[in-house]
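Taking the form predicted on its own, here's one chain by itself in structure tokens.
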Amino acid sequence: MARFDRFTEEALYGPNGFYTRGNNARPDSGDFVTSPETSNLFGGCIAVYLDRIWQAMQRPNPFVVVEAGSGRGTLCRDIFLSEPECKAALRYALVERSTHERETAFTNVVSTCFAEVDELPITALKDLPAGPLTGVVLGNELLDNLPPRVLQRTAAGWSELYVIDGRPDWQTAPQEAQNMASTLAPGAPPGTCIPLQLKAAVWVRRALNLLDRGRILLFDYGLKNTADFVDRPIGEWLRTYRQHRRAGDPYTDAGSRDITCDVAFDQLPGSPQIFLQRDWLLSQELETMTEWAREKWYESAQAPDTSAMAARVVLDEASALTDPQGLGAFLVAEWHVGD
């Protein structure tokens, strides 16, 4: 028997976990598609943001960027290829729990961006580095893979989800967990299920303590308030995926699929500003980056040549990143530290 968050931790990151086994959890294998894998425009927008923060902070050198859950290093690569003004001051840490992904990311970024550089401005780490640091902590679709505890409202209080022999089992929740659930979702009717995202909250607190001055910028799917989970069945916000498709319940075949949970942003510490990804990307010059593509496509749409088709691809990528029914509906949370 294991509490759900502990079961999921093992299923994702244990010796036979989905992320540990390397070849299972890769965007190009079809298990999931993230914004950096969708288009290098995403990295371009991050580069614009980093320049703005660097300027606002009076151009610190070094300017440290810590990317948590960096995967294969796609976002890091695209940031450096965008040639931001702060590039000479950038010191970039790729943080990835998976040894396979971490090694792959470092190799990919070095070979693409720094093949002839004597002194590398990047490093690859298993966990957050030691602080204090001045700069930005980034995370894209990180928090949804930090396993939550799951509670269900009953007539008598709250029960908590456990996994026993590949099936769910609800047991009376500890009193402190019941108190937290009642505070987060007051008046929830019996049958309501909510996540308690304690691991995500601890991670954000660690990130806040890492910086002496700077920003934390996290992208993820979820809801602003835990109370908004009340009207949603558990299967809508606690999901499994394999090869772009829903992969059944999360309790069986541990390690064979991704297990993910919508993020309740009100459970995170501090007072972040919250934006829709669509709005945030547009505020970071996405339309300016794609202006050439719009002009090219409009000029050649009746008889498109190769360059016009390339422009169409860029426009389609921008549309995917800002789709209000998809990636554009993700939430972006930004914390200010030391201002």
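Since the structure is predicted, the reported quantities are computational estimates derived from the model, not experimental observations. From 1 onward, residues are counted along the sequence shown.
Same protein, other form: the form predicted in complex with a small molecule, not shown, and the subject of what follows.
Enquirer: Can you pick out, from Q284, T34, T290, N40, the residue that has a heavy atom within 4.5 Å of the small molecule in the predicted complex?
Expert: Among Q284, T34, T290, N40, a heavy atom within 4.5 Å of the small molecule in the predicted complex occurs only for T34.
Enquirer: In the predicted complex, which of the listed residues (V95, A227, A89, L217) lies with a heavy atom within 4.5 Å of the small molecule?
Expert: The residue from V95, A227, A89, L217 that makes the contact is V95.
Enquirer: Report yes if all three of G71, L142 and W203 come within 4.5 Å of the small molecule in the predicted complex by some heavy atom, otherwise no.
Expert: Each of the three qualifies.
Enquirer: Is the gap between A177 and the small molecule in the predicted complex 4.5 Å or less for some heavy atom pair?
Expert: Taking the distances in the predicted complex, the answer for A177 is no, it never comes within 4.5 Å of the small molecule.
Enquirer: Residue-level question: is L146 within 4.5 Å of the small molecule in the predicted complex, judged on heavy atoms?
Expert: L146: yes, in contact with the small molecule in the predicted complex.
Enquirer: Only one of 133 to 141, 107 to 115, 178 to 186, 244 to 252 gets a heavy atom within 4.5 Å of the small molecule in the predicted complex; which is it?
Expert: Result of the contact check: 133 to 141.
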